[in-house]
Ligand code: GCO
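Shown here is one chain on its own, the form predicted alone, set out as structure tokens.
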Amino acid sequence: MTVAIILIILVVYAMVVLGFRIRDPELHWNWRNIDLNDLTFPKNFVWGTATASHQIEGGCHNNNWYEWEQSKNENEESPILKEAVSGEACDHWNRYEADIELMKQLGVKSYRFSVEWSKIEPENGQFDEAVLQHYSEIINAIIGAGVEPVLTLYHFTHPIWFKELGGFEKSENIAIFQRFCERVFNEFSGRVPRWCTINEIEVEATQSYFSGTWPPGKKDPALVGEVIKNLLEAHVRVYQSLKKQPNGDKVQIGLVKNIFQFDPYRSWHLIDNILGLVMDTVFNSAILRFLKTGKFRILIPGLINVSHSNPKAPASNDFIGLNYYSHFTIKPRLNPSELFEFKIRSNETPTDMEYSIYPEGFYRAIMRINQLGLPIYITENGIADKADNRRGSFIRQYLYALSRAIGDGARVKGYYYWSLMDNFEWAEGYEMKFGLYEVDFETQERKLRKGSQVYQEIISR
């Protein structure tokens, strides 16, 4: 090997490793020297909690997730952990008044929830007035309890008929989604001051078309890029349309972006760093660049090659929603079907999900998304903790990281803990316990967890 080749390799190594780490360096604090009671939040900071329709309502029998739950693979295995089905879930559709009372007991002043498209528009172009009236009653009950409603238009579920048209794989279907959004907005915009268009574009695309663990269960990297592009375009079109509707100038509308960092398992390792950079491009940087510049591009030779531009994108958010849970540390695998794996380091505390407690990453994500120059709402943050022996410390550490980010200039206006209560956690079924309230799914009894009292206490302060 010549000296020139060695130098080229070293330069490439330095560009990848140093460039990736300088942009968003992995961060670790010495928690022994930190006072977790040293919290400062703005005067009108919004404290809230969040849910999603399919996960809590019950009776969602006409959407892509219901169909997925009934399916089997070639080995006659369910795609859902322990063959769970959402079924009646938390029966929130009928028990919403009691659940709103739980919010009052927590002390939260805002509630983020979603409406179920498949119930509102069970057939293409046919809207169910009784369902819209039911949601109207829920909104009135939320307001009547002194809680601010925040409505999400799309949270991973769509009608089966929309799936059969190709869903968000096809750009021509964006107009159908826009029609649905306009109808819901015109029903409720006079009472709902903040709207989230689409929840976690990158999660839907990668889970559904890369890992294939969510419906429609395809493993096609090219479709990952196409679906991300179409969902981003859908957000811009919906934002621009809703702003022209009655009350459009009076409400706030924004996208909800999840951030997971993909840190190299070994900070010095070239392949670990390259994998982290590639995953970050798909999951984070390409989307953030589109929101800031209107230009979208993902190029991974042989896998994804998609580009798109919309000059209206930078002016298509009144706020940005940030969902954050943890980071992944990534390393390669010598397996043609699985080229990499995510690892939890031995010095990190695991959650019940396949990732760790990492509050420093929350700080990193906030400071990164703050570069968009928009007001920020933490629209989801929580822990799966069935034993309830980590939830209290999780809340204290993550809220410390949030307070620190605000002190360092981040424009965060509110925080929504995920979730109000245990629910159907997608492919994880009912095994993951994110709820502030524990739910007995046989009796539908709700009980405030001991660890959740930390959140209640901090709100009261």
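All residue numbers are counted from 1 along the displayed sequence. These figures come from a predicted structure and were not determined experimentally.
Just so you know, the form predicted together with the named molecule exists too; it's not on screen, but the next bit is about it.
- Contact check for Trp214, Glu425 and Phe434: all three have a heavy atom within 4.5 Å of the named molecule in the model of the complex.
- Of the listed positions (Lys229, Arg194, Lys257, His155), a single one reaches within 4.5 angstroms of the named molecule by any non-hydrogen atom in the model of the complex, namely His155.
- Of the residues Asn323, Ser189, Asn370, Gln252, just one reaches the named molecule in the model of the complex with a heavy atom at 4.5 Å or closer; this is Asn323.
- Picking from 194-202, 297-305, 99-107, 359-367 the stretch near the named molecule in the model of the complex, with a 4.5 Å limit on heavy atoms, gives 194-202.
- In the model of the complex, Met353 approaches the named molecule with a heavy atom inside 4.5 Å.
- The named molecule in the model of the complex is approached by Trp418, whose closest heavy atom lies within 4.5 angstroms of it.
- Within 4.5 Å of any heavy atom of the named molecule in the model of the complex lies no heavy atom of Glu116.
- In the model of the complex, no heavy atom of Asp385 sits within 4.5 Å of the named molecule.
- Taking the named molecule as positioned in the model of the complex, none of the residues of 162-190 brings a heavy atom within 4.5 Å of it.
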